[in-house]
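Take a look at the structure tokens below, where one protein chain is shown in two forms, each on its own, as structure 1 and structure 2.
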Structure 1
């Protein structure tokens, strides 16, 4: 009964992403604590207005998270969370599956590829999104991956992704330091590089990622928030950063 308010609202958030409302989450959580409770008891435990408890129960019953007794007063019981959540998730996964199928279909018939997409430079915002996209690019690389950035970028997950890439892909990394083991398939050059400047009391990070000498991702910006990635398949863009890479590789070898 000693959940921190913080943790409780954290779970409420998780449940919301599963399609529950705030009240639904609170009522369900309260009901997990007391088997066969009445509406009034749940109202007292959860803090949800007593009148609101009833429609909330209706919805939870529809979602098969709760059952009612036919006694008077009504008593409510929660499904075990393992099963309840699995049921919720299952229906979402069904939807995702369905959506994937139809949308992939639409995607495969897309038009406008002739419009020189490859000449454009695309922006990606946020560290998480950049990580996702780079993981993606790593997965799709066929021959070579070249990375030039500082160690902060190499989260355990990212190292794992690189480690799991095809064996016949040459991965070269120039980095300011390396903590932990270096996976066998990585060729790491360590050199304190002039990237990562401090401006306005913020640490500015930079990084260049080349895939198969055809695709480039450049990242720049403050460390945590507002990080921007630029992605391009443009010839000029790729050429520019290829020579940028070659320059720093020579420099790092000294």
Structure 2
């Protein structure tokens, strides 16, 4: 059954989301309809201008979507959709990983900008987003990590991240309880006291995460609802919560 124009447009848009141009998508779709075709035949089937067909073929060959014969005239054939889409997804994943690596290097080496007396504080909403940011901060810590919070923040993934952070990083944790074995590179103080407080029949919970005495993540919010994280690298913010940490460390030792 022949596809309608709307169906072809939708398929082309889907392929564009995988990194193809409009012409590349139309040529690939046209090639799937025939068992090998010349550039002229694909021009007629796809509606892509004849002058554009050969450059499109070159790009599709590079993307492992099209093969070409050694005959004269050359004939082109499409990779089966299962293989072709897998090749596109693999290329996207490779590009994403490379971009992530380069951007992470840029981020880790960023230079502070003088902003006078302005104290910059960023808000992060939702426990999942907070966990992602904390994991990134743990990964980039060089000297010390100090944490004061309750056990709900210590997912298995976060404990594994802390455990893998390296022997040269001093990790101190004050927590209301601990489940399972304590990794040998973590120093854990357990203080069985309520870290949360009740307001309007809601349990307000929170925590403080200090990284290298340079970066702070403060978490607060209703225990069973969306939490908010406040992140800052400002000197005033860091000094205040460093003092906060020392106070609770002395309290936890009693």
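Between two forms, the rigid core is the largest collection of C-alphas that superpose within 1.5 Å. This is a predicted model, so every value here is computed, not measured. Positions refer to the first chain, counted from 1.
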* Asked: Is the form predicted on its own structure 1 or structure 2?
  -> 2
* To do: With both forms fitted on the core, give yes or no for whether the Cα of residue 211 moves by 2 angstroms or more between structure 1 and structure 2.
  => no
* Asked: C-alpha of residue 19: shift of 2 angstroms or more between structure 1 and structure 2, rigid core aligned?
  -> yes
* Is the C-alpha displacement of residue 103 equal to or greater than 2 Å between structure 1 and structure 2 once the rigid core has been superposed? -> yes
* **between structure 1 and structure 2, how far the Cα of residue 72 shifts once the core is aligned, in Å** => 33.3
* **Shift in Å of the residue 92 Cα between structure 1 and structure 2 [rigid core superposition]** => 3.9
